[in-house]
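Just one chain is shown here, as structure tokens, and it is the form predicted alone.
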Amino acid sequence: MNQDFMQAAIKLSREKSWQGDGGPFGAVIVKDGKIIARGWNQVLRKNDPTCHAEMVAIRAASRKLKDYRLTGCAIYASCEPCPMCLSALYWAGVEHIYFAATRKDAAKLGFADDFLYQELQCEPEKRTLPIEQMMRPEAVEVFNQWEKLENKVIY
């Protein structure tokens, strides 16, 4: 745990949100005691709902390391990661997550993070966004073909 790294994430959240890039969220990814990537919310600037601070930082770190696995890395985020970002951090293999503000703090400003955590606890048929399954056999057939590939990479 390093306060300087968290301070860097909070500084990004302040500066970039005041510039109008997006919400007040910043993140830095650290490896071997050094910041290797920075990210801030760019949803408004890029018109992309996936441009959360953590996602931007993950993309930058992966490019820098030339690896989709962020082994040995930690992230410092100015706010508790939303479900999308948390999932991406798991997929990337980040080894530690530090955060400052909570999803409840973000909810007070109108951000949907806490709602999404609640929504994910519901069975799919009880969620507010309608979800329907279709054509499973065709999709599973592709899975079965892919499983037989010799050069496949599981991630």
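In this text, residue numbers run from 1 along the sequence as written. Since the structure is predicted, the reported quantities are computational estimates derived from the model, not experimental observations.
This protein has a second form, the form predicted in complex with a further copy of the same chain, left out of what is shown; the following refers to that one.
In the predicted bound form, I58 approaches a further copy of the same chain with a heavy atom inside 4.5 Å. Contact check for V94: a non-hydrogen atom falls within 4.5 Å of a further copy of the same chain in the predicted bound form.
Interface membership of G72, defined by any non-hydrogen atom within 4.5 Å of a further copy of the same chain in the predicted bound form, is ruled out. In the predicted bound form, a further copy of the same chain stays beyond 4.5 Å of every heavy atom belonging to K34. Shown without its partner, the chain has N2, Q3, M6, Q7, I10, S13, R14, S17, W18, G22, G23, P24, F25 in segment 1-40 as residues with a non-hydrogen atom within 4.5 angstroms of a further copy of the same chain in the predicted bound form.
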